[in-house]
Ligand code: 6PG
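Encoded as structure tokens, the following chain is the form predicted alone, with no partner shown.
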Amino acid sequence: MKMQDKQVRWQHFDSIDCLRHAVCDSIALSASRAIAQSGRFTLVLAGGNTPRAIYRLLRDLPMDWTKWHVYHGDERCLPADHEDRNSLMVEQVLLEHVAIPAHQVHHMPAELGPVEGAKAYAKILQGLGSFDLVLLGLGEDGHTASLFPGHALDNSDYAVPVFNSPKPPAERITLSQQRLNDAQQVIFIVSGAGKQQAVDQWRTGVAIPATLIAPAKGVDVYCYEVALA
């Protein structure tokens, strides 16, 4: 095990269903623990197809939804009703089916553009404290949220604008490395053989963007269809 892996807990699952249920169980446990301790649960959601399926499972669990506060790790600068918006997916798959109060749902206002949207979201996050749980994905190029390889991002604020994304659309908003690291728990959800190179790089110490996320309590990486040699 490499030195940097000491705070990275890798878990491999034999099926995508096992991975999805394991993530759901972890979310439920984190929520119950946070609500018992502080009366609220702050969760950062990831976009993508695997999280979509997880959110469908999650909505059927008997949770105290009124104590949930929902945020996003990143968002595409598109109209609010665009089919590629993470917020629209979350609304359709999860939020329309559970009793989270509307004022506790904090979508990134990416329709304002990357600069103004990031400023607005940074204000929402001011004074929040540590997130209870952050969910993240991993791109084939090693990116997470919208922290891409080779991008010099301003890490001085909670939310930062992204330009020239290698994946369309070019303009996005992402939580900063600093803000993503301010979390009690971080789970990476990694599925698909196309992620193998990024996983190999991570495990051998290559500085891909995902390695920037290294909170004090470490991270959990849930994997399917990638080998953990």
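So that there is no doubt, residue numbering starts at 1 and follows the sequence shown. Nothing here was measured: the structure is a model prediction, and the numbers come from that model.
There is another form of the same protein, the form predicted together with the named molecule; it is not shown, and what comes next is about it.
Asker: If contact means any heavy atom within 4.5 Å, which of 178-186, 30-38, 165-173, 199-207 contacts the named molecule in the predicted complex?
Answerer: Flagged stretch: 165-173.
Asker: Wondering, does Ala145 line up within 4.5 Å of the named molecule in the predicted complex on heavy atoms?
Answerer: Yes, Ala145 sits close enough to the named molecule in the predicted complex that at least one of its heavy atoms falls within 4.5 Å.
Asker: According to a 4.5 angstroms non-hydrogen atom cut-off, is Arg76 in contact with the named molecule in the predicted complex?
Answerer: Close contact exists here: in the predicted complex, Arg76 approaches the named molecule to within 4.5 Å, heavy atoms only.
Asker: With a cut-off of 4.5 Å between heavy atoms, is Asn86 one of the residues that contacts the named molecule in the predicted complex?
Answerer: Contact with the named molecule, yes.
Asker: Can you work out whether Leu138 and the named molecule are in contact in the predicted complex, taking contact to mean some heavy atom pair no more than 4.5 Å apart?
Answerer: Leu138: contacts the named molecule in the predicted complex.
Asker: Counting only heavy atoms, which residues in 14-52 are within 4.5 Å of the named molecule in the predicted complex?
Answerer: Read in sequence order, the residues that approach the named molecule (within 4.5 Å, in the predicted complex) are Gly47, Gly48, Asn49, Thr50, Pro51.
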